[in-house]
Every structure is written in C-alpha cells, then in structure tokens.
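A lone chain, given as structure tokens: the form predicted on its own.
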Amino acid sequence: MKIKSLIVTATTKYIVILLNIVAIAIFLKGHNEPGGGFIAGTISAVSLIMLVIVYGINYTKALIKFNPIILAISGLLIAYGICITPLFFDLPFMFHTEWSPMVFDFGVYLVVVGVISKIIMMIEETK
C-alpha cells in the first residue's frame, strides 16, 4: 500500500524523525519509570509502519538495512542476559545496579521494534 498524497509524502520523513526523538525521550524517562523500552519500541515501530504505508515496503527495507528477526533475537539476548548475569556473582535473579534497568529496557526496545517490523513487512509482502 502506498499513499500518493503530496502533503503526506512531504511531511512523513519529518514525522518519522519526530517520533523517534519522542521514542528516545520516553526510553530515557522509562529508565526511572516502568515501561520505557516497550513504549519507545512501539513508537519507533509506528514510525516504520508510517514509512511502509507512505513510501512502500521496498523503500523501507532499503532504508532500515536490518533483519527484524535478528534485531528481536538480539534484544531477547540482551534482556535475558542482564537478568541472569547476577546469578554468576551469587546475587538474586534480576538483581540490578543503576544501569541494568536501562540495558534491560534497551533489549525490550529491540524486541518490540524487531517483532512489529517483521509483522508489518510480512503483511505488506503478502499483498
């Protein structure tokens, strides 16, 4: 699906940039409050969905240059890794320091962006 409106086409790139700036801000705020990685990942994925709708799947694939499944798997490894790392130091599961919640949220962010990107690409490719 591709939208052929000149106004939408001209403004989408700026909206995508703005959405990703908002995603970064929410990700960093979520470091101190719950849900930063998930919400930020959803916002970034919505920006990719906008690119697919406005410019098409081929343009979006050429632009992002990453495999969504690899991105999601990397996020899972980061999130699980930060959860089990304390066990190697004889600490409780998911014991955290100041920076580990942000690393966990980053893993969640990658999982959300990867999974939603793959879903939208699969939907668009079957059309």
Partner chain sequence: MISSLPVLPVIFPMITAAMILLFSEVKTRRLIASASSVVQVAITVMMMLAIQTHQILIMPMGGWAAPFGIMLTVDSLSAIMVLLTSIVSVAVIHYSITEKTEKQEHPLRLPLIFFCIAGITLSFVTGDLFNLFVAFEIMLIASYALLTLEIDRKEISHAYPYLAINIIGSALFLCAAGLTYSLFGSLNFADIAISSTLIMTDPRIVVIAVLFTLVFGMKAGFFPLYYWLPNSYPKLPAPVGALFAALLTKVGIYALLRIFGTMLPHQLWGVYSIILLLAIPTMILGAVGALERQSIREILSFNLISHIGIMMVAIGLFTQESIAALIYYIIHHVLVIASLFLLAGLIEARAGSGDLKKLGNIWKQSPILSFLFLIQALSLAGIPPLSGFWGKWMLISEALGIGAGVFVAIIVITSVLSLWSLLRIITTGFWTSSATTTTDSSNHIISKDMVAITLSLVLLSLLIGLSPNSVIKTARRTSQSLFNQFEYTKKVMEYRSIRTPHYHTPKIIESPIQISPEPIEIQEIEEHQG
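Numbering follows the first chain given and starts at 1. All values reported here derive from a predicted model rather than from experimental measurement.
Below, we refer to the form predicted in complex with its partner chain, which is not included among the displayed structures.
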property	result
Partner-facing stretch of 22 to 30, 73 to 81, 36 to 44, 53 to 61, counted where any non-hydrogen atom is within 4.5 angstroms of its partner chain in the model of the complex	73 to 81
Contact label in the model of the complex: F66 to its partner chain, heavy atom within 4.5 Å	no
Stretch 94 to 116: residues contacting its partner chain in the model of the complex, 4.5 Å heavy atom cut-off	M94, F95, H96, T97, E98
